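So this first bit is one chain, no partners, the form predicted alone, shown in structure tokens.
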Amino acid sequence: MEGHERHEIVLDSKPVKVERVHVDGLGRTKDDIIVREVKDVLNSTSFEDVILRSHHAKTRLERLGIFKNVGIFIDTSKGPEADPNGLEVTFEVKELRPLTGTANTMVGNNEGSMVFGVRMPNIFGRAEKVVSEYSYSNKQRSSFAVTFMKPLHGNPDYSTPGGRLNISGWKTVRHFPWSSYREVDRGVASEITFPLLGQQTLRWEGVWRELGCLTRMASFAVREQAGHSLKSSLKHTYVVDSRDDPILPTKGAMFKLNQELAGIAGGDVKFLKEDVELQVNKELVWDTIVSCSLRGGIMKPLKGTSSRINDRFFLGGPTTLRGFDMHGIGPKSEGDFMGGEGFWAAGLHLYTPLPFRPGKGGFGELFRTHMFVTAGNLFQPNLEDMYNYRDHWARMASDVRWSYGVGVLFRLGRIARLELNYCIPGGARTGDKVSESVQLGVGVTFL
């Protein structure tokens, strides 16, 4: 407007000094864990820097899992000795209740569960918590567990320096109808998770296992393994994950290594077991995504023992080798699948938007068409002759099952996904349970 001179103040370059940081609303929480998360705000040198560092501090406070909400207020410094460029940053927090109850649903691989829990957050004032949960699934699986969780260095976020320590005890009841047995586990475990070239987890567990027959028609091979066993094992898991989404990634890769050594501190179960998983995703043209997956595993019984059915690998089902029933391939005994000491599986997938893009930008984005080819095999490795590679390859390549097909998948948020596929299986052997034509799968992890 005429007669008025316009003044512009560039705040992002204006030098400032954060003189004080206040945190209001603390009750049970100890000061040291809060200071660790907010002290970086004092290093701000410009107004823009104050906003960025304050936002990062707010994110770290929220990740502690002890506050219901966190607010930020920035004001000029007050008082006779205040710096002209001084600022005061205030975080207003509201702590969670000392005891809360939860009820929710959980989706597993072709399984849904109701979960009821009681949580005691921030029990000692440094983001520790105790969680007690009971779950029951549509597959007659039930479990009860109590877990104490303590963040290391006060920060449970895996992507920053630190980690988490878990100590838990549990009882689980599971049914395995494809092998006609029922298993009851009672155990204790101690687990530490920390970042090192990815995410590393070390876990020791001691489990008292009771295996029983589901029906009177259970095979003799299953019956002779019925009874009690005690397993003491050390597990190591290493994960590197650069995918942009765990349910339906459009880019990135994931590598996962699981290792288990049983029998290190007593018990009558002794084996060495390893399995790996690799997934690579690439976005092509027109929102088309190609995904390649590979899994494999092997185990070796130790000290003259034999492997048990509840420790072996199984393969088949709508989330792994499509076109076959759940765990429906491999060695059988009187109708019961016995699993194997080695396996491999591979999948190639092509995901595209729905034809003509109905609901584009909205509900329709949750759907994708799906074309796939999968293959895999269960085999008995010969680990007594480690360097006989020709024999290893022959065992892996014999009796390969495969399938291909097309279908539609529906993404259930960031929780799980549902696939409805028309499958054409191939390479089936006598005794395999084939699921030709339409197959429905719900799960979190898919081959």
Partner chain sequence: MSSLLADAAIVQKMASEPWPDDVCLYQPYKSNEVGTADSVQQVLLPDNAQCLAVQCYLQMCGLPFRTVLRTNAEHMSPSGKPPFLRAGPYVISEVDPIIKFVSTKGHSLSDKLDRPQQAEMKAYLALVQGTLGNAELYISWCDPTTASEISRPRYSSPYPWPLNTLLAYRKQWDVQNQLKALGWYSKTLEEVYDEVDNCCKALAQRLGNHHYFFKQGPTELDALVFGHLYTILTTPLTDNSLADIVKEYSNLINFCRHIEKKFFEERERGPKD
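Fair warning: this is a prediction, and the values are worked out from it, not measured in the lab. Numbering follows the first chain given and starts at 1.
Although not depicted, the form predicted together with its partner chain is the subject of the following passage.
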Original post:
Just one of Ile264, Val173, Leu230, Val146 has a heavy atom within 4.5 angstroms of its partner chain in the model of the complex, so which one?
Top reply: Leu230
Original post:
Looking at Arg186, His236, Lys78, Lys360, which has any heavy atom no more than 4.5 Å from its partner chain in the model of the complex?
Top reply: Arg186
**OP:** Decide if the three candidate residues Asp244, Thr250 and Tyr351 all line its partner chain in the model of the complex, where lining means a heavy atom within 4.5 Å.
**Re:** no
Original post:
Among 202-210, 89-97, 342-350, 274-282, which stretch has residues whose heavy atoms lie within 4.5 Å of its partner chain in the model of the complex?
Top reply: 202-210
Subject >> Contact label in the model of the complex: Lys303 to its partner chain, heavy atom within 4.5 Å >> reply: no
Subject >> is_contact(Asp268, its partner chain) in the model of the complex, heavy atom dist at most 4.5 Å >> reply: yes
Original post:
Given that the partner is absent here, does Ala82 sit within 4.5 Å of its partner chain in the model of the complex, heavy atoms only?
Top reply: no
Original post:
Would Asp287 count as touching its partner chain in the model of the complex under a 4.5 Å heavy atom rule?
Top reply: no
Original post:
Along 218-243, which positions have a non-hydrogen atom within 4.5 Å of its partner chain in the model of the complex?
Top reply: Phe220, Arg223, Glu224, Gln225, Ala226, Gly227, His228, Ser229, Leu230
